[in-house]
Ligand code: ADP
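So this first bit is one chain, no partners, the form predicted on its own, shown in structure tokens.
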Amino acid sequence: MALAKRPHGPNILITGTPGTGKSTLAAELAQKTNLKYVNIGEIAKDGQLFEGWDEQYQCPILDEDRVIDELEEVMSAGGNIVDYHGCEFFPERWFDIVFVLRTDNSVLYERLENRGYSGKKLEDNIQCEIFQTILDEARDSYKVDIVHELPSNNPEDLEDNLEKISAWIQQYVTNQGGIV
């Protein structure tokens, strides 16, 4: 598959259920590779890109269209590592590769509890991981050959994932003629 030529490098999506380690992996990967870290939650908060409040989950509701408008130019240039727990609303053309982090339920439960999740919010996120909701959304939203599932249970998984994705980036650069 021919990858899009992007002047600043590939666009990578790191997604998964809340608590799977997306932000940690994405931030460390950006630091290691000099790609830009794009945290959708922070961009939405900074730009007030919300369309309301979800009483049930006690969180703002993302205005997906405004997020896409906000990021279109940045994503067109390339060189971005995007971190978000959803993936189906992003334009398919934005990403060269998608990594879905997966975490064992017992590990995820403890991580979410430590974040203060409880009740329905905790249960729904665990169910989301059990039924691989995010992985299925990624496979439905992007070409199957660019979607990769990675374990994210412990520091060793983090290091392995950093190495795997860094190697992919290096191959991307090589395939682009060393231009990034």
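Only a predicted model underlies this, so the values are computations on that prediction, with no experimental measurement involved. A residue's number is simply how far along the shown sequence it sits, counting from 1.
Another form exists, predicted in complex with adenosine-5'-diphosphate (ADP); not displayed. Remarks below refer to it.
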Answer with one of N154, S118, N34, Q56: the residue that has a non-hydrogen atom within 4.5 Å of adenosine-5'-diphosphate (ADP) in the model of the complex. N154
Please identify, from 57-65, 22-30, 127-135, 142-150, the stretch that has a heavy atom within 4.5 Å of adenosine-5'-diphosphate (ADP) in the model of the complex. 22-30
Looking at the partner-bound form in the model of the complex, is L162 within 4.5 Å of adenosine-5'-diphosphate (ADP) by any heavy atom? no
Hey, in the model of the complex, does N11 get a heavy atom within 4.5 angstroms of adenosine-5'-diphosphate (ADP)? no
Report yes if all three of R6, N80 and A167 come within 4.5 Å of adenosine-5'-diphosphate (ADP) in the model of the complex by some heavy atom, otherwise no. no
